[in-house]
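The data below hold one chain only, encoded as structure tokens and taken in the form predicted alone.
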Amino acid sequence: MQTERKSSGTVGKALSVLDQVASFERPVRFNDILEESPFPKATLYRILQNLVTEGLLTFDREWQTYALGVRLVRLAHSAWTQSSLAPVARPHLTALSEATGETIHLAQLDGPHVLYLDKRDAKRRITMFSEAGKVGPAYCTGVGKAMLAFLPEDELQRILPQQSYHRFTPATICSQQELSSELEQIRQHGFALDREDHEPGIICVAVPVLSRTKQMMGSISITSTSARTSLGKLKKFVPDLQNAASEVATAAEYWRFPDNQRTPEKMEI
């Protein structure tokens, strides 16, 4: 589903078109893009041509289709290594996965949504929506609720109305009032639960990654299936999750603000 964004100026329009092309998840023809585009035909064509020229899109002349360009791969890798928690979190996610045998997720907020940064599969792999690089809902995922609960109040109140509150399963939270009530419980307990909110059969426990000043940096979750385990059993991993989150937060702080602090171990990319 295409993320709705307000386009501002030339750059905003170009990014909007990139988002639209990406939303198809396959090479796409001009008329398919035009059908869902807010831009006039001539404007859309000009933007597409500029994006192709800059290497952000490719154009297949034989099939007459547009697709994301390899320059985006380079930019995405740079963003992953420079701006996300993923590089510093890698060894901690791996250790948590080996200790629990379950699926581990690392996420950050992308506006009102969840961006999955990294993932470790369970010993017995589970088929589910989440993959590194995917964007998902915040209001009905464990990692999303864990992050929303620890946002500053003004930012939270800006984001809550932007949630879709679409019902994915019978357990999905479908109102801002219901979500606000659950977020208060998450603050009290220090962790969030996914009770098959987003996908049938998928359950998880998640904790926020908080800096020393309690700034929300991201979240980590342990995910399994209701057929294999229970939320009660997953909750026993909360101390392990919190320890991992604390280690990631500390590593990220040394990484971003190295002055007058010890030198962190070399990151594995």
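Nothing here was measured: the structure is a model prediction, and the numbers come from that model. The numbering used is simple: start at 1 and walk along the sequence shown.
Another form exists, predicted together with the DNA; not displayed. Remarks below refer to it.
- With the partner omitted from this view, the residue of Ser211, Gln64, Ser37, Gln242 that lies near the DNA in the predicted bound form is Gln64 [heavy atom within 4.5 Å].
- Contact annotation: the DNA lies within 4.5 Å of heavy atoms from the stretch 42 to 50 in the predicted bound form, the single such stretch among 42 to 50, 230 to 238, 196 to 204, 211 to 219.
- Residues Arg167, Ser181 and Gln185 are none of them found to lie within 4.5 Å of the DNA in the predicted bound form, as judged by heavy atom distances.
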